[in-house]
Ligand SMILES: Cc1cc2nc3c(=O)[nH]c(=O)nc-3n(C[C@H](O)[C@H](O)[C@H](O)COP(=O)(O)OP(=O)(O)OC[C@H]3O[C@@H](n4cnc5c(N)ncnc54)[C@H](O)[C@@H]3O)c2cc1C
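The chain that follows stands alone, in the form predicted on its own, written as structure tokens.
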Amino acid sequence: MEAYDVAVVGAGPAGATAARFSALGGARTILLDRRPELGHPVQCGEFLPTPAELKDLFDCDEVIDETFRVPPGTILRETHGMVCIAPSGREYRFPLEGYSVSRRAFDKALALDAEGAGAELRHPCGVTRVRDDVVSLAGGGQIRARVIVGADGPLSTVARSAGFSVEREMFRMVTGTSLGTFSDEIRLYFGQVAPGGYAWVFPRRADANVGLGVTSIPRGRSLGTLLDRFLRREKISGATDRTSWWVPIGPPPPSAVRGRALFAGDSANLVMATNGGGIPTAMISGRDAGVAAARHIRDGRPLSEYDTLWKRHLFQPLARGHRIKHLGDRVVARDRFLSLGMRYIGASGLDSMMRLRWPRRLGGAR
């Protein structure tokens, strides 16, 4: 049986970042992923805020500086604003600096960073079960690790094996690629176009990432037909390379530690509820998991230090974002009321909500 200090399951942004910081901390680390190609299929809108925008959301500037790297070669287009479109068609604009990235390139770059730090990358290599300190691999074979990081998404095998669960609502997502010329604003569409969630258009060089996320699918519809209806309505060309997936929305957990397992990113529910973004929080929580794992191996520090770290960096804004979304879902269940609510809080209020803050007209930051 192979032995490592730290085994990281899942080589997305959370896992690759965890493996990088675990290896940098001196732990013998292996990074496992079931996919033949990292970053594919694309299960993401592929939008990232700039580090400066991220620092406006989370009060951990130094951690963001050392963690949140967007390799220039992965950037497809810079964006400079967001437009939120109400069911009535009224548009609300506010500034937002960010990038559309290629997840196929971005995930590979993060995994290469982990390898460069000393972690061993192994894929395709699926994990079928984790029991105590033993990771069972698809096709046979086992790995023993003193610390296991579950970064394998909302349907985490590690979480299931460890009995780790969180309060959440699972959003169903579909995304695809549409050819055409688009402005440098990202566009979000709300209402029955995407029940309980939103549809989006994220511009890239010669095309756009288009998609939608919903809490429920109306009878007689499917994710694909909902996306087709949205594209026809907006006169956008049909979407190719479609992929569907799940995004967990809920409050941050009271603890992301279960025995010798640490959970980061989507597996721990660390998603921004008001905008659905999960890559930055995945990378920050991955960093914290890797740091805590290495300290445990090197210095015998308790794994509970991981909770101390990620809560310091992420908990309050994520918890506030969930409260804002929970209230909004209760108040604006119908398109007419949603349009009125968006008009009431205006562009500045929508900007605040996207930044995980209460709109001023609803009481300001709480």
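Sequential numbering from 1, following the sequence displayed. Please read all numbers here as calculations on a predicted model, not as lab measurements.
Keep in mind that the form predicted together with this ligand is missing from the display, and what follows is about it.
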I'd like to know if Asp152 sits close to this ligand in the predicted bound form, meaning any non-hydrogen atom pair within 4.5 angstroms. yes
Does this ligand get within 4.5 angstroms of any non-hydrogen atom of Ser339 in the predicted bound form? no
Interface membership of Asp266, this ligand in the predicted bound form, 4.5 Å heavy atom rule: yes
Considering non-hydrogen atoms and a 4.5 Å limit, does this ligand approach Phe94 in the predicted bound form? no
Looking in the predicted bound form, is this ligand within 4.5 Å of a heavy atom from each of Phe164, Gly250 and Leu318? no
Using a 4.5 Å heavy atom cut-off, which stretch among 58 to 66, 293 to 301, 29 to 37, 306 to 314 contacts this ligand in the predicted bound form? 29 to 37
Please tell me which of Ile284, Val271, Ala111, Ile148 lies within 4.5 Å of this ligand in the predicted bound form, judged by heavy atoms. Val271
One residue of Val257, Val127, Cys84, Ile143 in contact with this ligand, assessed in the predicted bound form (non-hydrogen atom, 4.5 angstroms): Val127
Heavy atom within 4.5 Å of this ligand in the predicted bound form: which residues of 269 to 285 meet that condition, in order? Val271, Gly276, Gly277, Gly278, Ile279, Pro280, Ala282
